[in-house]
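Included below are structure tokens for two forms of one protein chain, each presented in isolation as structure 1 and structure 2.
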Structure 1
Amino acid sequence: MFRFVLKRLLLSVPVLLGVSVVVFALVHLAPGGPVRVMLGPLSSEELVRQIRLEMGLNRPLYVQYGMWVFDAIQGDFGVSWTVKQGTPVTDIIVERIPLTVELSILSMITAVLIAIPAGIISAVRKDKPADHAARIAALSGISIPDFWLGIILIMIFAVQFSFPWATGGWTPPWVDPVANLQQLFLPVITLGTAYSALIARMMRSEMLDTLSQDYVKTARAMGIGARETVLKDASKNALIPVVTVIGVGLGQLMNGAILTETVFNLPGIGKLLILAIDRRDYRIIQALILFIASVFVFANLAVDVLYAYLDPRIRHDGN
């Protein structure tokens, strides 16, 4: 098990390096380089040249890349240019992390809590009304864009029913946990729906698969109750592949977080990214993309480890 984790960890190093090259190249290979990115296409050549010199951007690219990676490993991404002039990029990002993390985790938990039972019920009641209802709900769930769902929820709750707390904004949970949860209620539903639908669909198909396995039949033939075989024998086996989907869905969750934060006007990572793009603050863009990609890589790594932990066939054989 330890060897497996180590191996997986080492494998993610080249991926992360590759990601950093892509992120770096993105800015530096853009027409005109980072300064043009910052100043926009209309600024004068002279100004561009002068700033390039000041920022050391006329050194060879590999030197610049080396310096950037070296600093980045220590958490130094330079200072913001336009979003919050002079403030270290890292500080700006760190300040925004709690909201996005809270939103993502709450959405994930809610989604899993709804999806797993729904998938199980759907599979056990295959082709019965409950199954049809669950499948239609799941299909709609993956078909509704979260930004539109957010808009509709705002229209229903905030506009039609004037729910006082459905208007966005974010109070940190350590300041006022109740207000915090109220504010995140609609965003969590918005972000969790598609994710939940994805997992429910997967859970259903995996359950259908495991329920027809011989070991379930064997357990039943030994006098184990139908309910127990569903909840214990079939579910534990079905959950293993579902865990990978939960991992793959993380990317979707991050995409969704950007959109949800935009719809509900929540000052998180996603909103910052859009803001940085709007203001052409390339250092923030670079840092954020690297950050998000790293989180994604490590989350997938965590999922792989969890997968290995759940599946004794991998846990005991080491590969």
Structure 2
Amino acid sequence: MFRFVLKRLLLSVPVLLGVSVVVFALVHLAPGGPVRVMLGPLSSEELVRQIRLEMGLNRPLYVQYGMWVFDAIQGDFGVSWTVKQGTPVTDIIVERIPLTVELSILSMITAVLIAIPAGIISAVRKDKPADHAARIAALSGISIPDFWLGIILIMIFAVQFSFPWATGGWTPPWVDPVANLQQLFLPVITLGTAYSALIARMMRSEMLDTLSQDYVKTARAMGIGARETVLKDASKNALIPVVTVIGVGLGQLMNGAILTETVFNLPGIGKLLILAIDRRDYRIIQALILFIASVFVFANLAVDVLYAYLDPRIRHDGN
């Protein structure tokens, strides 16, 4: 297992390095820049050149990239230029992480609690009304855009019913747990809907395949009850492939949080990224994209390790 994990960790290094190169190049080649944002559109070209010289933006891109990577390896992502001038980027991101992590975890838990039972029921009741209803709900969940669902929920709960907790904002759970859960209720529903639909479809497919296996038919022929066969045998085996979808989905939830936090005015990483892009704060953009990519990579690593634990054949093949 140690060799398996080590191999996956080593494979993640070139992935993150490639992401850093692409992001750095795209950010610096995009039109505009932090100097124009700081000085305004009416600033003279001479002043812009002087500030770019002081900030080191006049150097070749490969030199800037090398300096940035060298500092990033040491955990130093520099200071913000336009979002919070002079504030270390690491401090800004750490301040926003708790909300995004909480939103992602609650969305995942909600999606799993809804999707796993729905997928099992849909498979057991194949081609019956419960199956049709679950499949329609899953298809709708995948098709509906997160931002559209969020806007509709705000119109219903904030505008129509005037619930104060539906208007946005975030209270840390250690300050007021009740207010925290109320404020995250709609964002969690918005973010978890498409994710739960994906898991439910996967669970249904795996359950149908498992229920058709000979050992399940043999257990039923031996007089073992349908409930025990489904819950103790079939569902456990069907969950193994679903684990992959659940693990990888954590990274997808981090990605989906960008729009969800913007719609609900939540001060998380997603909203920070949008703000940094709007203000051309290169350092925050680069650090955030690298952070999100790292979440994807390590979520996949965790899934690989868990999958190898559940199925030792994968571990041996990986070596």
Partner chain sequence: METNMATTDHTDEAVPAAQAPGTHHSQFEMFWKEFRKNTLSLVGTAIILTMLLTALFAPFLAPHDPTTQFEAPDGEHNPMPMGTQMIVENDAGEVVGTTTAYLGTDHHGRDILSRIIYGLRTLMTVSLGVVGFAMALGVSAGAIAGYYRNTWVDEVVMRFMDILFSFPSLILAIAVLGVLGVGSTEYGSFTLPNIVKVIAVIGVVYIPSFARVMRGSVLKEMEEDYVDAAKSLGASDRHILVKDIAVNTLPTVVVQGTLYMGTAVLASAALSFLGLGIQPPNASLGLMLSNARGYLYSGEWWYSVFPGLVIVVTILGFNLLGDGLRDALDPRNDGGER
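Residue indices: 1-based, along structure 1. In this text, the rigid core denotes the largest set of C-alpha atoms whose superposition between the two forms falls within 1.5 Å. On a predicted model such as this, the values are computed, not experimentally measured, just so you know.
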For the form predicted alone, pick structure 2
Using a superposition on the rigid core, decide whether the Cα position of Y282 changes by 2 angstroms or more between the two structures. no
Relative to the superposed rigid core, does the CA atom of L301 travel 2 Å or more between the two structures? no
Once the core is aligned, does L181 move its Cα by at least 2 Å between the two structures? no
Quote the shift of the Cα of L57 between the two structures to one decimal place in Å, the two forms being superposed on the rigid core. 5.2
